[in-house]
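Next up: just one chain, as C-alpha coordinates, the form predicted on its own.
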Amino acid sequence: MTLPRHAWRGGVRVPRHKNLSNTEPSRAPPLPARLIYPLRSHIGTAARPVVGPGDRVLKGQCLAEPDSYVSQALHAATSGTVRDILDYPVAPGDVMTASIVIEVDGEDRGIDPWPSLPADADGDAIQRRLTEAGVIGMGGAGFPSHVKVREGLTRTVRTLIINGVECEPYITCDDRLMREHAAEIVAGARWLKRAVNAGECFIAVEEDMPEALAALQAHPAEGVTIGTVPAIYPAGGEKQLIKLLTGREVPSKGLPIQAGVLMHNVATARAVYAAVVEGRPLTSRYVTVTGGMTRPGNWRALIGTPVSHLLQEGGWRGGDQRVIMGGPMMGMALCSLEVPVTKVTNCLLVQEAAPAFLAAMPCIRCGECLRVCPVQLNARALYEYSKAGDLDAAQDLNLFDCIECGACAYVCPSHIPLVGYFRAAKAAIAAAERRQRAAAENRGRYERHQRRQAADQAGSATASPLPAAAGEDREALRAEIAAAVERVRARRAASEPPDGERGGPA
(Lines give C-alpha, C1' and ligand atoms only; values in the text may rest on other atoms or scores of the structure.)
Protein backbone atom coordinates (compact mmCIF):
# COMPACT_ATOMS: atom_id res chain seq x y z
CA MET A 1 0.00 0.00 0.00
CA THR A 2 1.13 3.57 -0.66
CA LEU A 3 0.68 6.67 1.44
CA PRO A 4 -1.44 9.57 0.20
CA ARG A 5 0.49 12.61 -0.93
CA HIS A 6 -0.85 16.13 -0.94
CA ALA A 7 0.74 19.31 -2.21
CA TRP A 8 3.45 20.62 0.08
CA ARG A 9 5.33 23.81 -0.67
CA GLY A 10 8.83 24.71 0.42
CA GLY A 11 11.73 22.59 1.55
CA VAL A 12 15.17 21.99 0.12
CA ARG A 13 17.23 19.00 -0.93
CA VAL A 14 20.41 18.82 1.13
CA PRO A 15 23.41 16.43 1.03
CA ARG A 16 22.50 13.36 3.06
CA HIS A 17 25.75 11.91 4.47
CA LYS A 18 23.74 8.96 5.80
CA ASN A 19 26.13 6.23 4.67
CA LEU A 20 28.67 7.28 7.29
CA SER A 21 26.65 5.64 10.05
CA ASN A 22 23.83 3.45 8.71
CA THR A 23 25.74 0.63 7.02
CA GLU A 24 26.48 -1.42 10.14
CA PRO A 25 24.20 -2.74 12.92
CA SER A 26 23.84 -0.73 16.10
CA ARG A 27 26.25 -1.36 18.95
CA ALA A 28 25.94 -1.35 22.75
CA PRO A 29 28.66 0.68 24.50
CA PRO A 30 30.15 -0.52 27.80
CA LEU A 31 28.54 0.77 30.98
CA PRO A 32 29.65 4.30 31.86
CA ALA A 33 31.02 5.14 35.31
CA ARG A 34 28.04 7.36 36.09
CA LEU A 35 24.62 8.30 34.76
CA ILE A 36 23.01 11.74 35.00
CA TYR A 37 19.24 12.22 34.96
CA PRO A 38 18.05 15.83 34.53
CA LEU A 39 14.71 16.31 36.27
CA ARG A 40 13.66 18.56 33.42
CA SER A 41 14.72 17.47 29.93
CA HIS A 42 11.26 17.53 28.34
CA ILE A 43 8.37 19.86 27.64
CA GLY A 44 6.49 20.52 30.88
CA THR A 45 7.39 20.69 34.57
CA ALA A 46 10.34 18.99 36.21
CA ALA A 47 9.94 15.50 37.64
CA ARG A 48 9.89 15.01 41.45
CA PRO A 49 12.72 12.84 42.87
CA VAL A 50 11.71 9.77 44.89
CA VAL A 51 15.30 8.76 45.76
CA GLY A 52 18.04 10.53 47.67
CA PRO A 53 21.83 10.49 48.08
CA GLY A 54 23.08 7.12 49.30
CA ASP A 55 20.12 5.12 47.99
CA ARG A 56 20.86 1.89 46.12
CA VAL A 57 18.87 1.62 42.88
CA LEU A 58 18.23 -1.18 40.40
CA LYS A 59 17.75 -1.17 36.65
CA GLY A 60 14.19 -0.11 35.87
CA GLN A 61 13.59 1.43 39.31
CA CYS A 62 11.75 4.75 39.37
CA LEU A 63 14.00 7.70 40.23
CA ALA A 64 11.51 10.55 39.78
CA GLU A 65 7.77 10.81 39.32
CA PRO A 66 5.71 13.22 37.21
CA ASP A 67 5.03 16.37 39.21
CA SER A 68 2.12 17.55 37.06
CA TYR A 69 -0.06 16.52 34.14
CA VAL A 70 2.66 17.52 31.65
CA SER A 71 5.71 15.84 33.17
CA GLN A 72 7.55 12.51 32.95
CA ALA A 73 8.87 9.68 35.10
CA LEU A 74 12.58 8.80 35.12
CA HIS A 75 14.00 5.31 35.68
CA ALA A 76 17.47 3.96 36.36
CA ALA A 77 19.05 2.41 33.28
CA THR A 78 21.31 0.16 35.37
CA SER A 79 22.09 -0.56 39.01
CA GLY A 80 24.17 1.70 41.22
CA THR A 81 24.12 4.24 44.03
CA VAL A 82 22.62 7.73 44.04
CA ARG A 83 25.56 10.00 44.75
CA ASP A 84 23.86 13.38 44.68
CA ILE A 85 21.06 15.54 43.36
CA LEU A 86 22.68 18.70 42.07
CA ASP A 87 22.66 21.25 39.27
CA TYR A 88 24.22 19.82 36.13
CA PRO A 89 24.61 21.13 32.55
CA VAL A 90 21.98 19.85 30.13
CA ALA A 91 21.74 20.38 26.37
CA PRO A 92 20.65 22.34 24.47
CA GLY A 93 22.29 25.46 25.81
CA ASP A 94 24.18 23.66 28.60
CA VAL A 95 21.63 25.07 31.05
CA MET A 96 22.17 24.07 34.67
CA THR A 97 19.32 21.81 35.77
CA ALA A 98 18.71 19.81 38.94
CA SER A 99 19.82 16.24 38.14
CA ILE A 100 20.12 12.86 39.82
CA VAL A 101 23.67 11.47 39.58
CA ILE A 102 24.12 7.68 39.87
CA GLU A 103 27.43 5.92 40.36
CA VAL A 104 27.20 2.70 38.32
CA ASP A 105 28.18 -0.51 40.13
CA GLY A 106 28.69 -2.58 36.96
CA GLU A 107 26.35 -5.38 38.10
CA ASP A 108 23.39 -4.31 35.93
CA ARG A 109 20.88 -5.84 38.34
CA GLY A 110 17.25 -4.99 37.66
CA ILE A 111 13.75 -5.19 39.05
CA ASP A 112 11.09 -7.51 37.68
CA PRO A 113 9.17 -6.11 34.70
CA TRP A 114 5.53 -5.14 34.99
CA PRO A 115 2.94 -7.63 33.70
CA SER A 116 1.90 -7.20 30.08
CA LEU A 117 -1.37 -5.42 29.47
CA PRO A 118 -4.15 -7.66 28.17
CA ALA A 119 -4.87 -7.54 24.45
CA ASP A 120 -8.23 -5.85 25.13
CA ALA A 121 -6.78 -3.12 27.39
CA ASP A 122 -8.59 0.19 26.96
CA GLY A 123 -7.11 3.59 26.33
CA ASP A 124 -7.10 4.55 30.01
CA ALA A 125 -5.00 1.50 30.92
CA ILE A 126 -2.55 2.19 28.08
CA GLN A 127 -2.30 5.84 29.08
CA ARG A 128 -1.55 4.91 32.70
CA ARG A 129 1.17 2.48 31.61
CA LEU A 130 2.84 5.13 29.42
CA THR A 131 2.78 7.53 32.36
CA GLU A 132 4.35 4.90 34.61
CA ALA A 133 7.00 4.01 32.02
CA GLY A 134 8.07 7.59 31.32
CA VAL A 135 7.48 7.39 27.56
CA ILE A 136 7.91 10.75 25.82
CA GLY A 137 8.22 11.95 22.24
CA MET A 138 11.68 10.83 21.11
CA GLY A 139 11.76 12.73 17.83
CA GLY A 140 13.09 15.91 19.42
CA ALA A 141 10.23 17.77 21.11
CA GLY A 142 10.10 15.63 24.25
CA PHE A 143 6.34 15.98 24.78
CA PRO A 144 5.08 13.35 27.28
CA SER A 145 3.30 10.64 25.27
CA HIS A 146 0.69 9.95 27.92
CA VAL A 147 -0.56 13.53 27.49
CA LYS A 148 -1.04 13.00 23.75
CA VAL A 149 -2.93 9.77 24.43
CA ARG A 150 -5.11 11.49 27.02
CA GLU A 151 -5.95 14.24 24.55
CA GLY A 152 -6.74 11.56 21.97
CA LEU A 153 -9.15 9.92 24.43
CA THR A 154 -11.15 13.12 24.78
CA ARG A 155 -11.16 14.19 21.11
CA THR A 156 -11.72 12.53 17.77
CA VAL A 157 -8.50 11.26 16.18
CA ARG A 158 -8.98 10.76 12.46
CA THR A 159 -5.34 9.96 11.68
CA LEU A 160 -2.43 8.54 13.68
CA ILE A 161 0.98 9.15 12.08
CA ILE A 162 4.12 7.26 13.10
CA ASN A 163 6.99 9.45 11.92
CA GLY A 164 10.04 7.68 10.54
CA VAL A 165 10.98 10.54 8.20
CA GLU A 166 14.56 11.21 9.22
CA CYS A 167 15.07 14.18 6.95
CA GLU A 168 18.06 15.95 8.51
CA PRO A 169 21.54 15.06 7.18
CA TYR A 170 23.82 12.62 9.04
CA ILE A 171 21.14 11.32 11.46
CA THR A 172 20.34 7.60 11.00
CA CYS A 173 19.23 6.37 14.43
CA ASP A 174 15.59 5.92 13.34
CA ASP A 175 16.72 4.22 10.12
CA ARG A 176 18.69 1.58 12.06
CA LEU A 177 15.90 1.25 14.62
CA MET A 178 13.35 0.48 11.91
CA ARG A 179 15.65 -2.08 10.30
CA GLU A 180 16.35 -3.86 13.60
CA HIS A 181 13.01 -3.53 15.46
CA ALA A 182 10.38 -3.22 12.73
CA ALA A 183 7.95 -5.72 14.30
CA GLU A 184 7.97 -3.87 17.62
CA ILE A 185 7.39 -0.51 15.92
CA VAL A 186 4.38 -1.83 14.00
CA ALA A 187 2.99 -3.45 17.15
CA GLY A 188 3.51 -0.21 19.09
CA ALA A 189 1.65 1.68 16.37
CA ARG A 190 -1.28 -0.72 16.72
CA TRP A 191 -1.36 -0.18 20.50
CA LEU A 192 -1.40 3.59 20.00
CA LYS A 193 -4.13 3.29 17.37
CA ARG A 194 -6.18 1.20 19.75
CA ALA A 195 -5.61 3.62 22.64
CA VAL A 196 -7.03 6.66 20.82
CA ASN A 197 -9.41 4.76 18.50
CA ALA A 198 -7.82 6.38 15.43
CA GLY A 199 -9.62 6.04 12.13
CA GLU A 200 -6.41 5.36 10.18
CA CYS A 201 -2.71 4.88 10.89
CA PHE A 202 0.24 5.75 8.65
CA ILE A 203 3.89 4.79 9.18
CA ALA A 204 5.96 7.09 7.00
CA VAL A 205 9.62 6.74 6.01
CA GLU A 206 11.70 8.59 3.45
CA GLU A 207 11.96 7.25 -0.06
CA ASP A 208 15.73 6.80 0.29
CA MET A 209 15.31 4.31 3.18
CA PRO A 210 14.57 1.11 1.22
CA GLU A 211 15.91 -1.25 3.90
CA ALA A 212 13.78 0.33 6.64
CA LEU A 213 10.72 0.27 4.38
CA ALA A 214 11.23 -3.41 3.54
CA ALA A 215 11.67 -4.31 7.21
CA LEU A 216 8.42 -2.58 8.18
CA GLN A 217 6.45 -4.00 5.27
CA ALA A 218 7.54 -7.50 6.32
CA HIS A 219 5.15 -7.07 9.29
CA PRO A 220 1.84 -5.97 7.80
CA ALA A 221 -0.93 -5.09 10.25
CA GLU A 222 -4.61 -4.42 9.76
CA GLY A 223 -5.42 -0.72 9.74
CA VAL A 224 -1.75 0.31 9.40
CA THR A 225 -0.47 1.73 6.09
CA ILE A 226 3.30 1.81 5.53
CA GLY A 227 4.88 3.90 2.79
CA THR A 228 7.34 6.59 1.76
CA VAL A 229 7.45 10.35 1.41
CA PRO A 230 9.89 12.49 -0.63
CA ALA A 231 13.38 12.96 0.80
CA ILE A 232 13.06 16.73 1.05
CA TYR A 233 14.14 18.65 4.12
CA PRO A 234 12.19 19.24 6.41
CA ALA A 235 9.48 16.79 5.34
CA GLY A 236 9.71 15.16 8.79
CA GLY A 237 8.49 18.30 10.55
CA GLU A 238 5.21 17.77 12.36
CA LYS A 239 3.08 20.26 10.46
CA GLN A 240 4.77 19.49 7.14
CA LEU A 241 4.17 15.74 7.39
CA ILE A 242 0.56 16.25 8.44
CA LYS A 243 -0.01 18.49 5.42
CA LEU A 244 1.75 16.00 3.13
CA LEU A 245 -0.21 12.94 4.30
CA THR A 246 -3.64 14.39 5.11
CA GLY A 247 -3.87 17.71 3.30
CA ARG A 248 -4.97 19.31 6.59
CA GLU A 249 -3.45 22.47 8.06
CA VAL A 250 -2.56 22.70 11.72
CA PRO A 251 -3.73 26.14 12.92
CA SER A 252 -1.14 28.80 13.69
CA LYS A 253 -0.05 28.31 17.33
CA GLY A 254 -2.31 25.25 17.35
CA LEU A 255 -1.80 21.54 17.98
CA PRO A 256 -2.17 18.59 15.57
CA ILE A 257 -5.12 17.27 17.59
CA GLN A 258 -7.04 20.34 16.40
CA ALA A 259 -6.69 18.91 12.88
CA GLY A 260 -7.74 15.45 14.09
CA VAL A 261 -4.17 14.10 14.01
CA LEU A 262 -1.81 12.54 16.55
CA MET A 263 1.85 12.03 15.65
CA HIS A 264 4.49 9.89 17.35
CA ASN A 265 8.07 9.08 16.38
CA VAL A 266 9.03 5.50 15.45
CA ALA A 267 11.28 5.33 18.52
CA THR A 268 8.30 6.33 20.66
CA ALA A 269 6.21 3.56 19.06
CA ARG A 270 8.87 1.04 19.98
CA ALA A 271 8.99 2.43 23.56
CA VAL A 272 5.20 2.02 23.74
CA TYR A 273 5.56 -1.65 22.79
CA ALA A 274 8.28 -2.13 25.42
CA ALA A 275 6.11 -0.55 28.12
CA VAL A 276 2.81 -2.23 27.25
CA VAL A 277 3.95 -5.71 26.21
CA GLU A 278 7.36 -6.20 27.81
CA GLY A 279 6.64 -4.20 30.96
CA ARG A 280 9.84 -2.13 30.66
CA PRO A 281 10.22 1.62 31.24
CA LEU A 282 12.08 3.85 28.83
CA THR A 283 15.76 3.66 29.83
CA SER A 284 17.70 3.63 26.54
CA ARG A 285 17.59 4.89 22.98
CA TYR A 286 19.47 4.76 19.66
CA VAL A 287 21.95 7.62 19.19
CA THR A 288 23.84 8.35 15.96
CA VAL A 289 27.49 9.25 16.60
CA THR A 290 28.97 10.43 13.33
CA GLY A 291 31.17 12.92 11.52
CA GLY A 292 34.89 13.28 12.08
CA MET A 293 35.63 10.10 14.01
CA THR A 294 37.13 6.67 13.37
CA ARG A 295 34.07 4.53 14.23
CA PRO A 296 30.86 6.35 13.30
CA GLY A 297 27.66 4.42 13.83
CA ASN A 298 24.59 4.02 15.98
CA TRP A 299 24.76 3.17 19.67
CA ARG A 300 22.14 1.71 21.98
CA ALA A 301 22.87 4.25 24.68
CA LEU A 302 21.54 4.25 28.23
CA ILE A 303 19.60 7.37 29.15
CA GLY A 304 21.91 9.47 31.33
CA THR A 305 25.18 8.44 29.63
CA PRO A 306 27.66 11.35 29.43
CA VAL A 307 28.22 12.47 25.83
CA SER A 308 31.98 12.07 26.29
CA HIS A 309 31.54 8.33 26.89
CA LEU A 310 29.80 7.78 23.53
CA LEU A 311 32.31 9.98 21.71
CA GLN A 312 35.23 7.95 23.05
CA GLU A 313 33.56 4.72 21.93
CA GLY A 314 33.11 6.22 18.47
CA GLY A 315 36.77 7.13 18.13
CA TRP A 316 36.57 10.82 18.93
CA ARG A 317 39.99 12.44 18.54
CA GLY A 318 39.37 15.64 20.48
CA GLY A 319 41.50 18.64 19.65
CA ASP A 320 39.72 21.48 17.90
CA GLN A 321 36.75 19.33 16.92
CA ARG A 322 33.36 20.64 17.91
CA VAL A 323 30.38 18.50 18.81
CA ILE A 324 26.81 19.27 17.78
CA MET A 325 23.87 17.62 19.50
CA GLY A 326 21.41 17.02 16.68
CA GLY A 327 21.99 17.52 12.98
CA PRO A 328 23.79 20.28 11.07
CA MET A 329 20.57 22.16 10.29
CA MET A 330 18.84 22.36 13.68
CA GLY A 331 21.41 21.03 16.14
CA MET A 332 23.35 23.09 18.68
CA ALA A 333 27.05 23.01 19.51
CA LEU A 334 27.90 21.74 22.99
CA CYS A 335 29.99 23.77 25.41
CA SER A 336 30.47 20.78 27.73
CA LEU A 337 30.91 17.14 26.74
CA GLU A 338 29.71 16.01 30.17
CA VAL A 339 26.07 16.74 29.35
CA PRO A 340 24.01 13.54 29.44
CA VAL A 341 22.13 11.69 26.74
CA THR A 342 18.41 12.29 27.32
CA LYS A 343 15.33 10.70 25.84
CA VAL A 344 15.37 13.22 22.98
CA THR A 345 19.09 12.96 22.06
CA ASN A 346 19.20 11.52 18.55
CA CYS A 347 22.63 12.47 17.21
CA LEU A 348 26.13 13.61 18.13
CA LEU A 349 27.78 15.16 15.10
CA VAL A 350 31.53 15.76 15.28
CA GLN A 351 33.01 18.39 12.99
CA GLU A 352 36.73 18.76 12.44
CA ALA A 353 36.67 22.41 13.47
CA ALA A 354 34.20 25.21 13.81
CA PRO A 355 33.44 26.28 10.23
CA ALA A 356 34.59 29.72 9.14
CA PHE A 357 31.48 31.86 8.89
CA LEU A 358 31.28 33.95 5.76
CA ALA A 359 30.54 37.60 6.38
CA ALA A 360 26.89 38.42 5.83
CA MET A 361 26.22 40.70 2.90
CA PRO A 362 23.18 42.90 2.25
CA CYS A 363 19.97 41.13 1.25
CA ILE A 364 19.55 41.16 -2.54
CA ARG A 365 15.81 40.33 -2.32
CA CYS A 366 16.17 37.21 -4.44
CA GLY A 367 13.20 35.51 -2.76
CA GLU A 368 14.94 32.16 -2.23
CA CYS A 369 14.12 32.19 1.51
CA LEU A 370 10.42 32.63 0.70
CA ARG A 371 10.53 29.76 -1.79
CA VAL A 372 11.99 27.18 0.58
CA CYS A 373 10.23 28.14 3.84
CA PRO A 374 8.11 25.09 4.79
CA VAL A 375 5.57 27.21 6.68
CA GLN A 376 5.42 29.94 4.02
CA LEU A 377 6.67 32.78 6.17
CA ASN A 378 8.05 36.02 4.75
CA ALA A 379 11.58 35.37 5.98
CA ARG A 380 13.01 38.52 4.39
CA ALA A 381 10.54 40.81 6.18
CA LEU A 382 10.96 38.87 9.43
CA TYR A 383 14.72 39.37 9.16
CA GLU A 384 14.39 43.11 8.63
CA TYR A 385 11.99 43.55 11.56
CA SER A 386 14.05 41.29 13.84
CA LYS A 387 17.27 43.13 12.99
CA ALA A 388 15.58 46.50 13.62
CA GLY A 389 14.12 45.33 16.92
CA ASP A 390 10.52 45.84 15.74
CA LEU A 391 9.23 42.84 17.64
CA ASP A 392 5.55 43.73 17.32
CA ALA A 393 5.82 43.74 13.52
CA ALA A 394 7.69 40.42 13.61
CA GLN A 395 4.93 38.87 15.71
CA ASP A 396 2.33 40.20 13.28
CA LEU A 397 4.13 38.17 10.59
CA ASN A 398 3.76 34.99 12.69
CA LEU A 399 7.35 34.81 13.89
CA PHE A 400 6.49 32.01 16.32
CA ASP A 401 5.30 29.78 13.48
CA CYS A 402 8.96 29.50 12.42
CA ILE A 403 10.21 25.96 13.15
CA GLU A 404 13.87 27.10 12.92
CA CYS A 405 14.66 24.45 10.32
CA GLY A 406 17.40 26.59 8.77
CA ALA A 407 16.30 26.08 5.16
CA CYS A 408 16.17 29.84 4.56
CA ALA A 409 19.72 30.40 5.84
CA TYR A 410 20.95 27.39 3.85
CA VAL A 411 19.87 28.87 0.50
CA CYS A 412 20.63 32.54 1.26
CA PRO A 413 23.26 33.75 -1.26
CA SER A 414 24.15 36.64 1.07
CA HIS A 415 25.02 34.24 3.90
CA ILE A 416 22.65 36.01 6.32
CA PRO A 417 22.16 33.97 9.52
CA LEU A 418 18.40 34.30 9.32
CA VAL A 419 17.54 31.69 11.94
CA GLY A 420 19.90 33.39 14.40
CA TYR A 421 17.93 36.62 14.05
CA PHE A 422 14.63 34.77 14.46
CA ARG A 423 15.81 32.97 17.60
CA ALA A 424 17.08 36.23 19.08
CA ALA A 425 13.77 37.93 18.36
CA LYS A 426 11.82 35.08 19.95
CA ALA A 427 14.05 35.22 23.02
CA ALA A 428 13.60 39.00 23.29
CA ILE A 429 9.82 38.66 23.05
CA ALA A 430 9.79 35.90 25.67
CA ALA A 431 11.97 38.03 27.99
CA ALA A 432 9.67 41.04 27.52
CA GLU A 433 6.63 38.90 28.34
CA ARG A 434 8.34 37.61 31.49
CA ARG A 435 9.06 41.19 32.56
CA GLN A 436 5.46 42.17 31.89
CA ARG A 437 4.17 39.27 33.97
CA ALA A 438 6.56 40.12 36.79
CA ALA A 439 5.50 43.78 36.66
CA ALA A 440 1.82 42.78 36.72
CA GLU A 441 2.42 40.53 39.72
CA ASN A 442 4.31 43.29 41.55
CA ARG A 443 1.61 45.81 40.73
CA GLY A 444 -1.04 43.39 42.02
CA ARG A 445 0.85 42.87 45.27
CA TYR A 446 1.26 46.63 45.72
CA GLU A 447 -2.43 47.28 45.09
CA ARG A 448 -3.44 44.57 47.57
CA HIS A 449 -1.06 46.08 50.13
CA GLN A 450 -2.60 49.53 49.57
CA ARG A 451 -6.11 48.13 50.03
CA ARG A 452 -5.10 46.43 53.29
CA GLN A 453 -3.56 49.65 54.60
CA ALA A 454 -6.67 51.63 53.68
CA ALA A 455 -8.88 49.06 55.41
CA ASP A 456 -6.69 49.17 58.55
CA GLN A 457 -6.80 52.96 58.66
CA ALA A 458 -10.56 52.99 58.19
CA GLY A 459 -10.95 50.45 61.00
CA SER A 460 -8.75 52.50 63.34
CA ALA A 461 -10.73 55.67 62.66
CA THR A 462 -14.09 54.07 63.39
CA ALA A 463 -13.01 51.89 66.31
CA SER A 464 -14.70 52.53 69.69
CA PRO A 465 -12.61 53.52 72.73
CA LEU A 466 -10.83 50.65 74.40
CA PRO A 467 -12.94 49.27 77.26
CA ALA A 468 -11.52 49.27 80.80
CA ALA A 469 -11.15 45.50 80.82
CA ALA A 470 -8.94 45.64 77.72
CA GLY A 471 -6.83 48.34 79.37
CA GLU A 472 -6.39 46.18 82.42
CA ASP A 473 -5.30 43.28 80.20
CA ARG A 474 -2.71 45.54 78.56
CA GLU A 475 -1.27 46.57 81.93
CA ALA A 476 -1.05 42.92 82.94
CA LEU A 477 0.82 42.13 79.72
CA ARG A 478 3.32 44.94 80.37
CA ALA A 479 3.91 43.61 83.89
CA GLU A 480 4.48 40.10 82.55
CA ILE A 481 7.02 41.37 80.02
CA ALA A 482 8.86 43.37 82.71
CA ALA A 483 9.03 40.31 84.96
CA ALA A 484 10.45 38.22 82.09
CA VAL A 485 13.15 40.84 81.45
CA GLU A 486 14.13 40.82 85.11
CA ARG A 487 14.42 37.02 85.09
CA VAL A 488 16.78 37.16 82.10
CA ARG A 489 18.93 39.79 83.83
CA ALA A 490 19.11 37.71 87.00
CA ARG A 491 20.22 34.57 85.06
CA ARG A 492 22.87 36.56 83.22
CA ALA A 493 24.20 38.06 86.46
CA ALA A 494 24.36 34.63 88.10
CA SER A 495 26.35 33.16 85.18
CA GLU A 496 29.00 35.92 85.09
CA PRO A 497 32.19 35.47 87.27
CA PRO A 498 33.04 38.00 89.97
CA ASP A 499 35.10 41.01 88.91
CA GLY A 500 38.27 39.60 90.39
CA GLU A 501 38.01 36.42 88.33
CA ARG A 502 37.42 37.98 84.95
CA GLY A 503 39.98 37.29 82.28
CA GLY A 504 41.86 39.89 80.32
CA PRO A 505 44.86 42.15 80.93
CA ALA A 506 45.78 42.97 84.52
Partner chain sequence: MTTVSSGASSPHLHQATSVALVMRRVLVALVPTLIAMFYCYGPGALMQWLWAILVAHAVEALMLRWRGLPLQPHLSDGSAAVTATLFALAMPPWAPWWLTVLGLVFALALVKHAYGGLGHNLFNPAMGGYVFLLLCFPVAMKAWAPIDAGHAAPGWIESLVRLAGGASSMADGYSGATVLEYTRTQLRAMKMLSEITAQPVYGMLGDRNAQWVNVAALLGGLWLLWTGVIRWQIPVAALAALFLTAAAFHLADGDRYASPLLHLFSGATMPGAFFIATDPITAPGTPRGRLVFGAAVGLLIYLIRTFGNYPDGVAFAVLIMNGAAPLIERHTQPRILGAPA
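Positions refer to the first chain, counted from 1. All of these numbers come straight from a predicted model, not from anything done at the bench.
There is another form of this protein, the form predicted together with its partner chain, and it is not shown here; the text below is about that form.
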(message) Does any part of residue 319 reach within 4.5 Å of its partner chain in the model of the complex? Heavy atoms only, please.
(response) no
(request) Spell out, yes or no, whether the shortest heavy atom distance between residue 132 and its partner chain in the model of the complex is within 4.5 Å. (result) no
(request) Give a yes or no for residue 387: in the model of the complex, does one of its heavy atoms lie within 4.5 Å of a heavy atom belonging to its partner chain? (result) yes
(message) Using a 4.5 angstroms cut-off on non-hydrogen atoms, would residue 343 count as touching its partner chain in the model of the complex?
(response) no
(message) If the cut-off is 4.5 angstroms on heavy atoms, which of these, 351, 258, 156, 336, is the one near its partner chain in the model of the complex?
(response) 351
(request) Only one of 368, 151, 184, 180 comes within 4.5 Å of its partner chain in the model of the complex by heavy atoms, so just point that one out. (result) 368
(request) Using a 4.5 Å heavy atom cut-off, indicate which stretch of 159-167, 246-254, 113-121, 78-86 touches its partner chain in the model of the complex. (result) 246-254
(request) Check, residue by residue, if 190, 220 and 231 all come within 4.5 Å of its partner chain in the model of the complex, counting heavy atoms only. (result) no
(request) Select from 382-421 the residues with a non-hydrogen atom within 4.5 Å of its partner chain in the model of the complex and write them out in sequence order. (result) 385, 386, 387, 397, 398, 401, 406, 409, 410, 411, 412, 413, 414, 415, 417, 419, 420, 421
